[in-house]
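Just the one chain here, laid out as structure tokens, in the form predicted alone.
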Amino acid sequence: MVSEPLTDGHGRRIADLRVSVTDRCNFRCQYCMPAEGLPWLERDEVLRFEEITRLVALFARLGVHDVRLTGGEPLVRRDFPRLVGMLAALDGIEDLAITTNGFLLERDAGALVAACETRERRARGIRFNVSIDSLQRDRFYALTRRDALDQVLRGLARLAEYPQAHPIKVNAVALRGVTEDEVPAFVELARHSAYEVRFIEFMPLDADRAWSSDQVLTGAELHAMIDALHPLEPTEREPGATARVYRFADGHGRIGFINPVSEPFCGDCNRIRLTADGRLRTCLFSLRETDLRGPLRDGADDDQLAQLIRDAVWRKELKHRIGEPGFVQPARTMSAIGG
């Protein structure tokens, strides 16, 4: 039974929840964390599967219908397919998705797809975003500090064997001085495979705090490069969507641009985030969080938890303010927040 839907103080209806299931990752991407990694949460600090399921069920009763599972790297969480199955069985979840670096997809793709086979027919299976920032082995190694491109591509191919997993999106963080050389290969991947390639502008969420606007290769620049190779036509943008998606004019493939720095889409943002340690964040760049794990473990009932959620969502930020005077990078990095 759906309660009064979640609405923030700016009149936006909240329907999308990003759930980080772990802060751990098997990569050390330069734009995300230092080479030596970060201090991990202790095991008892991380929400248990039953706790995640209870909270997601509560969010669903409050009108949230899209859930994306992230990390860190979600596939490093032990028995992760079991959690996927638990969430897939919940009433009200219409869209269930996973963001992964793909390293363990060759092992887990089948189990993850199978975990959703008991869903009601109206549901749409499970969707995947696979992060691949370079299609060149040496550059992939330089960016991720892992010689893993071949394994990631094998995992992507394994995932593509399952019709229930399509459409599959391949995400690349766009870095000036790096991604320009990658454009032709990514265009060919988008045009000659079943994958939709999406470029994401580099955001100030790096652990080294070395981000600068000079490093951002904008979506507009990438669009111009790609359109010169193969003309693009826009598709209709759904309300709340993060990506501006284009089809190739000759009908071969689609490509997208996520431009949070140069073209913020905060005006119709409908997303909130739950960290691996049970903190509710109302913006990727929030400077405050609401603890749900503590009340949950202290015996709060669903009505009490729902009120905490409503109060936090009502205070959701109007926008992230990147590039504006006084912008403050949050203390947590992307790996600790969940993308």
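Numbering starts at 1 and runs along the sequence shown. Being a predicted model, the structure only gives us computed values, none of them experimental.
Note that the form predicted in complex with a small molecule isn't included here; everything after this is about it.
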>> Just to confirm, with a 4.5 Å cut-off on non-hydrogen atoms, which of Asn259, Thr99, Gln215, Ser134 contacts the small molecule in the predicted complex?
In response: Thr99
> Where does the small molecule sit in the predicted complex: which of 148 to 156, 185 to 193, 70 to 78, 223 to 231, heavy atoms within 4.5 Å?
Replying inline: 70 to 78
>> When the contact criterion is heavy atoms within 4.5 Å, does Glu106 count as touching the small molecule in the predicted complex?
In response: no
> For Leu62, is any heavy atom within 4.5 Å of the small molecule in the predicted complex, or not?
Replying inline: no
> Does any heavy atom of Ala115 come within 4.5 Å of a heavy atom of the small molecule in the predicted complex?
Replying inline: no
> Contact between Met334 and the small molecule in the predicted complex at 4.5 Å, heavy atoms?
Replying inline: yes
>> At 4.5 Å by heavy atoms, is each residue in Val46, Leu274 and Leu280 next to the small molecule in the predicted complex?
In response: no
